[in-house]
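In structure tokens, the next block holds one chain alone, the form predicted alone.
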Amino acid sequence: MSTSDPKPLKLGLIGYPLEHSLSPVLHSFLMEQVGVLGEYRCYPTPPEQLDKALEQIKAEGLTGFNVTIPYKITILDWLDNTTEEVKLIRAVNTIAIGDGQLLGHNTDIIGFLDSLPQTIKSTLPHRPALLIGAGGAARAIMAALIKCHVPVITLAVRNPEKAMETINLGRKLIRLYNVPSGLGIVDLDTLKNMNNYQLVINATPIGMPNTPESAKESPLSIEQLQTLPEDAYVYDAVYGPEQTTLTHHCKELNISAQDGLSMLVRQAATALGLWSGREISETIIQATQDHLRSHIQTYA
């Protein structure tokens, strides 16, 4: 490991709960592979303690930190500035600190796009998409889909009224990028027929192994999945020691699918690049993904 770095990086993660977070293992391995000295720790932060946690992070002199559920949107109120992309989608997952100032970034966008198989990525302009969720992760993925000219993006949510802000942000992106994408919204609980969607993305925490019970959940039933066309591709942004319940259902139905582990690694690599100024190679990204998959299977 290189010792030429003038100052070790001090990094962290804010969210709640964080008991099952892979971020410390992920970033420690990435830093070792890249040759960057530093540490990465979790700051589990209940909503009423967010102010206090941010003050603690500043006092400890962190270089930067990641943001996860439930703060990707609400933390905007505490930031001093953001990138132009964050101003557009109003969601943050990475923060850099300089001179006590908090600058918000979003590395989920590139993390999602770079995690897609090239065969899927190249056909996005021809794949109407169903995007489950309307929170911070969904906003980043929506932006990525709009950038790639996905023809129609339909948000599937349980409370359509609460999703209107996300829809309105998407409309602004469509106008800004001057792309032909259309936006719609459906009630997830009453969604019966999915034969119009060739790309389905779960951008909610449903199925994330925060507890044994939630890990068994799926945002879509087998009956709903059975209505997908043969060439559909399902992307579950959550991950676990084995297949998620959603990807397991897809395997049973012979539907192509992937989980979100690659997105997790790629957004982290982009964030570490921001904090360290280092280029992170595809070889290191693949090695990190393999290490992480092995880790969660070992400790499941």
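A quick note: this is a predicted structure, and the numbers were derived from the prediction, not measured. In this text, residue numbers run from 1 along the sequence as written.
Missing here is the form predicted in complex with a small molecule; even so, the following discussion is about that form.
- At the 4.5 Å threshold, heavy atoms of residue 181 stay clear of the small molecule in the model of the complex, well away from it.
- Within this chain, residue 234 is remote from the site of the small molecule in the model of the complex, having no heavy atom within 4.5 Å.
- Within this chain, residue 263 lines the site of the small molecule in the model of the complex, having a heavy atom no more than 4.5 Å away.
- Mapping the unseen interface onto this chain, residue 271 falls outside it, with no heavy atom inside 4.5 Å of the small molecule in the model of the complex.
- Contact with the small molecule in the model of the complex, judged as any non-hydrogen atom within 4.5 angstroms, is confined among 242-250, 65-73, 46-54, 30-38 to 65-73.
- With the partner omitted from this view, the residue of 168, 221, 119, 159 that lies near the small molecule in the model of the complex is 159 [heavy atom within 4.5 Å].
- This chain is displayed alone, yet in the model of the complex one of 134, 201, 89, 95 has a heavy atom within 4.5 Å of the small molecule; that residue is 134.
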